[in-house]
Structure formats: structure tokens, C-alpha cells
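Quick setup: the C-alpha cells below cover two forms of a single protein chain, split into structure 1 and structure 2.
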Structure 1
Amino acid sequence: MNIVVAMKQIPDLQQIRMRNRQPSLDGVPYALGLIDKNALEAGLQLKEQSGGKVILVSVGNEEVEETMKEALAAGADEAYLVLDDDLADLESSQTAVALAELIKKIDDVGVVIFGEGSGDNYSGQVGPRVAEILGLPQVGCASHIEVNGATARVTRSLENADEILEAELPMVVTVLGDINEPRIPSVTQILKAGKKPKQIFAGSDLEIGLAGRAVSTISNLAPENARKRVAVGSVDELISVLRAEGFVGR
């Protein structure tokens, strides 16, 4: 049984600068989404339990090949990538179609793991969409996954309750950021990662028939930071401020 992990490359959010409230992505390096690293770790742990391979799938621009090196170094066995600068900025429905096409090319799929939300868009739409396209059962917001032969037991962590669910494989799971602590690859692992097998496709290689954007962005601005930014030197001073603003002694 193979485990598929979907990982997205995102711009390093700490390095995005705002110019006139417009985010500038020029020269900002790409990184793996944080929760996607938890998805990978969950996949690696399942492999340690029940064997098979961990296969990455990702869609993005040409940089994806380099970005995914870190994930291969951390222990993924293979990668199926769609590299296409024209497909760099897909929205959820298009990404889902492309990922589903990749997953169809993989044999003996057991669990398909996604992050609960991507690092930049964080909307949690791609995993459930892929589950629907492939007609698979799904459990989102997982805090625990356990495979027993042909079924898996997954804990879905909701705001007010945990649900323990069982489904036949193959199935789709999206994981929470606190499901595990991702391992960090060593330098030797990173050096060797370039040699791991990769299947690389261009958008035109797949039958994706991307139906055009279902969602487009009209504007995207940083909110205005209108904070006063007054330096406060002591607790006494802080209390006078709180008193002046009416928060103390009401």
C-alpha cells in the first residue's frame, strides 16, 4: 500500500514585503507549507507502521522541483509533480483536478494525505475536492491516523468533540498542524534527495481540462496599520494609560 501526500509550495510569508499595502512577491523564496510538513510526517509514520512508499504530489511552477527536495530528504520515496509556470497560480478547483490526475497515475494507493489548509490560502478546499473527484471517503482535521489492513481509523478533531471514524482504503485524510512534530532532514539526506525518482509532467501532459478559474481575485491588500505605537516605560505608566482609556477603575 502506498501513501500519497499532497504538498504545496508557498512563498515564504515572513519575507513578503508590502509596498503601498500591495504584497510584493518579487524575489521571495518558496517554502513548504507548514501543515503540509505535518501531512508528510503523518505519511512517513504510516509507512513505518505498514510499509509501502510515500509518494509526493504537487502542482506549481518550475520551482516546485527544488522546493520538494526538502520533503524527499525528509523521507518521501518518490514525487509526481506538475511543473508549469502557466499553472503557478491555480485556485482550489483547478488544483484539485490536477492533483487528482496525478493520483490516478499512482498504483495501490492507500491513504491520501493533505494539510488541513495550505500555508498561504488556508481554505481547506483542495483535499475534500480531490476526495469527491476520486470518489473516496474522507476525514478532515485529523489528529490521529492508524491503518489496520484494508481499513483506517482516523480521529477527526472538531471544535467541541473528537470523532473516531473508520473507513475502507483508499481514503482521503486532511491533518491538523498539531498531529505530530515533523522530522528535519539531515544535510546528507538533503544531498541525496536529488537522486530520488521523480515523475515530472507539464500541464499539457495531463488530461486536466482545466475549466478556467472558478474564483478570481479582485483585490488583495494589507490592512492599514493604524496603531499608535506609543512606547510605555513602566507598569505605572501602563496603568495610567489603561486608566485614561477607561479600562481601569470602571
Structure 2
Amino acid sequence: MNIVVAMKQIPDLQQIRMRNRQPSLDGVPYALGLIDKNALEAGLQLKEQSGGKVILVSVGNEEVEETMKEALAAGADEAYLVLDDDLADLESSQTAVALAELIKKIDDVGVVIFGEGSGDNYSGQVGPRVAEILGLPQVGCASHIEVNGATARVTRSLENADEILEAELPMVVTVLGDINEPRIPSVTQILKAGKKPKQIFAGSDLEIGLAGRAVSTISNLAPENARKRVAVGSVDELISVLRAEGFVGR
């Protein structure tokens, strides 16, 4: 059984700077989203329990191959990647079509794992859309996955309760960010990651027609932060200013 984990490269959120209330991505490197690392760890734990291989799938620009080395170093066995600069800024519906077509190229798929949402826009749509396209059962909000033969038992953590579901394989699961603690690859694993097998495709290899964008971003502005820049010369002055603003009780 192959365990497929879909991963997305996003700008390193720790290095994004704001200019005129807008995010500046100039010079910001790409990285794996945190919840994607949780999805990978869930796949690696399934492999340890049930055997098989963990195969990464991702769609993006030419930098995806380098970004995915971290996931390969963490324990994934191989990767199926679509590298095409024209596919670097897809919206959720388009990404789902591309990933579904990529997954079709993999034999003996048992479980397809996604994070509940990506680290950049967190739409939470791609996993369910892929399940619909492939005609597979899908379980979201997963906090535990267990495979028993031809079925999987998944625990969903809801707001006020846990729900346990069973479904026949193959299936799609979207996992929560607190499902596990992702492992950190060793130096040896990092050095070996570049030698692991990768299947590289161009956008034209998928033989799909991506419709125009259904969603347009009108604006992406940070909240206004009007600082009063009040100078204080002592602790007493600071407390007096905080009281005047209502931050400290009288």
C-alpha cells in the first residue's frame, strides 16, 4: 500500500515583512507549511504501523523540487512533482485538479493525506476537492488514523466531541495540526534525501485543462497600527499613561 501525502511550499512566514500594510515577498525563501509537516508525520507513522511507501505529491514552480528535499529527508520514500512556473499561483480548485491527476499516476494508493489547510491561505478545500474528483471517501479534522487491512479507522476531533469513522481504502484524510509532533531529520538523512527517486512532470504532462480562476484577491492588507509614540521617562509616568488609556485599573 502506498501512502500519498500532498504538500505545498509556501513563503517562509517568519521572514515576510509588511510594507504599506501589504506583505512583501521579495527575497523570502520557500518552506513547507507546518501543518503539511503534520500530514507527512501522519503518513510516516502509518508506514511504520502498516508498511508500504510514503510518496509526496506537490505542484508548483521550479523551487518545489528543492523544498521537498526536507520532506524526503524526514522519511518520505519518493516524490511525484509537477514543476511549472505557470502553475505556481493556482487557487484551490485548480490545485485540486492538478493533484488528482498526479495521484492517478501512482499505483496501489491506500491513503491520501492532506493538512486541514495550507499555511498561507488555509482554505481547507483542496483535500475534499481531490476526494470528490477521485471518487474516494474523505474524513476531515483527523486526530488519529489507524489502518486495518482494507479499511481505516479515523478519529475526528470536533468542537465538543470525538467521532470515530471507518471507511474502505483507498480514502482521503485531512489532519489537524495537533495530530502529532513532526520529526526532525538527521544530518545523514538530509544528505541522502537528494538521492531518493523523484518523478518530475511538466504542466503539459497532466493533460488537463485548468479553468480560469474562480476567486480573485481584491486586497490583502494588514490592520492599521496607529502608535501614539508617547515618551515616558520613568515607571511612574508609564503607569500614568497606561491608566489614562484604560489599560491599567485605577
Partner chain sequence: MAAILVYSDHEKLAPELLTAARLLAGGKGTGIKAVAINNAALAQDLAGRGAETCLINDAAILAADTAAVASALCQAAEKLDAAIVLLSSDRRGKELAGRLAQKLGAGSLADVSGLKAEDGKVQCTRNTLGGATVAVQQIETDKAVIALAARSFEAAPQQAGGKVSELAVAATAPSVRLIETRSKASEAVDLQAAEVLVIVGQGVGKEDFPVAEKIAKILGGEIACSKPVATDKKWLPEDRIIGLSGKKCKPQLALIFGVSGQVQFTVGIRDASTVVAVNNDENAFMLQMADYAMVADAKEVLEELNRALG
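Quick note, the numbers are simply positions in structure 1, starting from 1. Predicted, not measured: the structure shown is a model, and the values here were computed from it. Here the rigid core means the biggest group of C-alpha atoms that line up within 1.5 Å when the two forms are laid on top of each other.
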Structure number of the form predicted together with the partner chain = 1
message = Taking the rigid core as the reference frame, tell me whether residue 237 has a CA displacement of 2 angstroms or more between structures 1 and 2.
response = yes
inquiry  = residue 226: how large is its C-alpha shift between structures 1 and 2, with the rigid core as the superposition reference, in Å?
reply    = 2.8
